[in-house]
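Quick heads-up: the structure tokens below are two forms of one chain, split into structure 1 and structure 2.
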Structure 1
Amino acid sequence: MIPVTVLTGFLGSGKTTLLARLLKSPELARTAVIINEFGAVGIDHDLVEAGEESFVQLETGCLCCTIRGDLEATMADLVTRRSRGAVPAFERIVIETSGLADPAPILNAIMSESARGSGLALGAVVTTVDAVTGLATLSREAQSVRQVAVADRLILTKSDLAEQSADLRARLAALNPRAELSEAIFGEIDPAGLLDSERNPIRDLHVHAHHAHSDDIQCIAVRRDQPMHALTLTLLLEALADHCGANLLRLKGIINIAESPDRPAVIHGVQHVFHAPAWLDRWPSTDQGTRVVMIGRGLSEGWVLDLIAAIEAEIDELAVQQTSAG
């Protein structure tokens, strides 16, 4: 599978500068970059200025394309070109979003393309936050709040220009307590630690007993020690899509499936779109409990647990009826 990392962040937060530096590192050779932006785009004046779709091979071995159209079509085109040898055999894709972009439709596009059997898989969501203006931006711009809320990793940029802000860090922790927080000093950060596909955030998913609340966005954690039947998981995802819809900004989890106790299922969801469960070869740690993190509006840990219990009761009742009828 080819992991797709989403690099987002509000206008002026430094994501383009960060990406330009990352692409100069040998660790990120064989990377395809999609700049999902409108109008002329340039990365430190070194990569692309685009008025239409274009593909440019960089000296580092990376491939960069800019789009003004359909993201799913661009990803599919990239994979097709890779398979026939028309572009370098990249090992990962990084999508840089517009500073005003809502990340949810982009995550939906990745999961939809993955569901078509393209060989793509949603990787990490990395969000840059300006250490100088970030606190004011979060107070003023709802889109920046959504960008932070769905992140797996938060990168504080321009921290060399600002005094350390405990208020900003506290705000980020309230919005997204489970995101890994790092600093880019003078635009520099460890590329392997940021985009390494081996560090899939779901493998290090930890769940605590509390949930965070900021504005109208909640981050809740659901833990369950007993295994879950595969049918229960299927019906649960359908119910979440129906009941939560656009209010579910992001869901990720690792599930103990009764029919496959040694191979946990990994689930991803954004709004009403859910990725088909992927199966790990083994449990990544000694913790073999089901863990699900949900970010969105109007969420309740108790409601999710009650929903699971109701689905299981319905399945059990159906099994009894079938047994009696037989």
Structure 2
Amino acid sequence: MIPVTVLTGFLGSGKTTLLARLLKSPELARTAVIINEFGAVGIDHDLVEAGEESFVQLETGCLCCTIRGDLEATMADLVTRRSRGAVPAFERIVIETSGLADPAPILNAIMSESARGSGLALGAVVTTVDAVTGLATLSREAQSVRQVAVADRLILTKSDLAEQSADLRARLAALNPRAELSEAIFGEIDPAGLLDSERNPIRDLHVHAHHAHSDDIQCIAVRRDQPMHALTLTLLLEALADHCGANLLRLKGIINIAESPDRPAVIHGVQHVFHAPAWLDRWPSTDQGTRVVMIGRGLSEGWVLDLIAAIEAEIDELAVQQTSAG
């Protein structure tokens, strides 16, 4: 699978600078880049040096709304040209969103392409936050809150210019306690960390006892130690799509399936779109409990646990009925 990393962040937060630096590192040499600029005249592409063949600029609209279809077509086209040898065999795609983009529809588009069997998979979501203006931006711009909330990695930019960023760090931790926070000074950051996010999308799936509430976006964590039936997972995802839908900015989880005790299923979801579960070869650690992290509005950990319990009870009841009838 080819991971698709989404690089997002509010206007002026240093996405292009960061991407330009990252693409100069050997670790990211085989990277196809899709840049989205909002405006009639794009300049970001001139600031990023990447192979001409595997570089695509999408402009005159924002990825999350007017040209989402273009993004899906662009990704599919890149994969097709790669398989024909028309472009270098890139190992990943990085999408730099416009600063005004809501990342959720973009993640949706990636997952839709993945579901079509394109060979693409959602990698990491990397969000840049300006250390100087980030706090004010988060207070003023709802879109910047969403960009932070769905991130796997938060990168604090321009921290060389900011005297004190403790308040900003606290705000980021409240909005997204599971994201890894690092700093980039003049766009310099260790590319190995970014690659790590791509390869291990569930590495940070630790379940914390506390909930984070900020700007009405919550991050809830659900843990269940008993295995669940595969059918329970299907019905659970369907119910989440029904009842959480657009309020579910992002979901990721590792599931202990009763029928597959040695190979856990990994699930990803954005709004009402869910990846087909991926099966790991083995448990990544000694912790073999089901863990699901959900980010969004109006979510309830207790409701999810009650839902799983009711579905499991119904499946158990049906099994008893079938045994009695047989």
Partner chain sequence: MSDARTKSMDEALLALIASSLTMWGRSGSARQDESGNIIVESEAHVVRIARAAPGVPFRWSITIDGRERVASSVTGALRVLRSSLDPDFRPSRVRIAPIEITPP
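Only a predicted model underlies this, so the values are computations on that prediction, with no experimental measurement involved. Counting starts at 1 and follows the sequence of structure 1. If you superpose the two forms and keep the largest set of C-alpha atoms that fall within 1.5 Å, you have the rigid core.
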Does structure 1 or structure 2 depict the form predicted alone? 1
Using a rigid core alignment, state whether the CA of Asp306 is displaced by 2 Å or more between the two structures. no
Rigid-core-fitted C-alpha displacement of Leu318 between the two structures (angstrom): 2.4
